[in-house]
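Shown next as structure tokens: one chain only, the form predicted alone.
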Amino acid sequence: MTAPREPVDLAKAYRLLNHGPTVLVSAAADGRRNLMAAAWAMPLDFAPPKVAVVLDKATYTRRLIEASGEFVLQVPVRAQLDLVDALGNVSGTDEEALGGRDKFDAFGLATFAGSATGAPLLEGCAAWLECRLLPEPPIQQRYDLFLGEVIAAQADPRVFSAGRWHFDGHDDLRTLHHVAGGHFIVDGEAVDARPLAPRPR
């Protein structure tokens, strides 16, 4: 089933990651594609919006990003918990585990085309950020840190609209936060701060 999605103003795109969710990273190059889970991703800037994600040298997705110069960060949801864990534990190069297929075919994943990149976008997520790689070979090699400029963004309006997350009534669409060893925490109650003035002297 296709989930609703609508474009997100790029000036607000950083808010799709500002709450620190686990992400799925997809890339495609030379007729190959892959999708992996990543716990270490974050927004970096507002205008133009930029993101950072850590991708180990051993990952297949990293090689596809380096070849294509683009990638997508997807924000998966509670309903995809088992899938996120599986995508983080099976390499796209493990032909035995995947039966000679890519992860999309092996796990029966539905995708759609983005508006700005050639990387596949996974159905059912809460948000998608299409990114152009900002090549920084020294930090990529030394720290496994990849930077991207967000060139298109979409979100499911049931849980993100007007620049804010709102999960009430949509528990299966709450975003995931990986702790370690297959243990995750889901986003909880949203609260707004009230203005607080300094105390008088």
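These figures come from a predicted structure and were not determined experimentally. The first residue of the sequence shown is number 1, and the count goes up from there.
The next section is about a form of this same protein that is not shown, the form predicted in complex with a further copy of the same chain.
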Original post:
Given that the partner is absent here, does E136 sit within 4.5 Å of a further copy of the same chain in the predicted complex, heavy atoms only?
Top reply: yes
Original post:
Does F107 reach a further copy of the same chain in the predicted complex if we count a contact as any heavy atom within 4.5 Å?
Top reply: yes
Subject >> Contact test in the predicted complex: D172 vs a further copy of the same chain, heavy atoms, 4.5 Å >> reply: no
**OP:** Decide whether K50 counts as a contact residue for a further copy of the same chain in the predicted complex under a heavy atom distance cut-off of 4.5 Å.
**Re:** yes
Subject >> Location of a further copy of the same chain contact in the predicted complex, chosen stretch of 58 to 66, 24 to 32, 39 to 47, 150 to 158 [non-hydrogen atom, 4.5 Å] >> reply: 39 to 47
**OP:** May I ask you to list the residues of 9 to 25 that have any heavy atom within 4.5 angstroms of a further copy of the same chain in the predicted complex, in sequence order?
**Re:** Y14, R15, N18, H19, G20
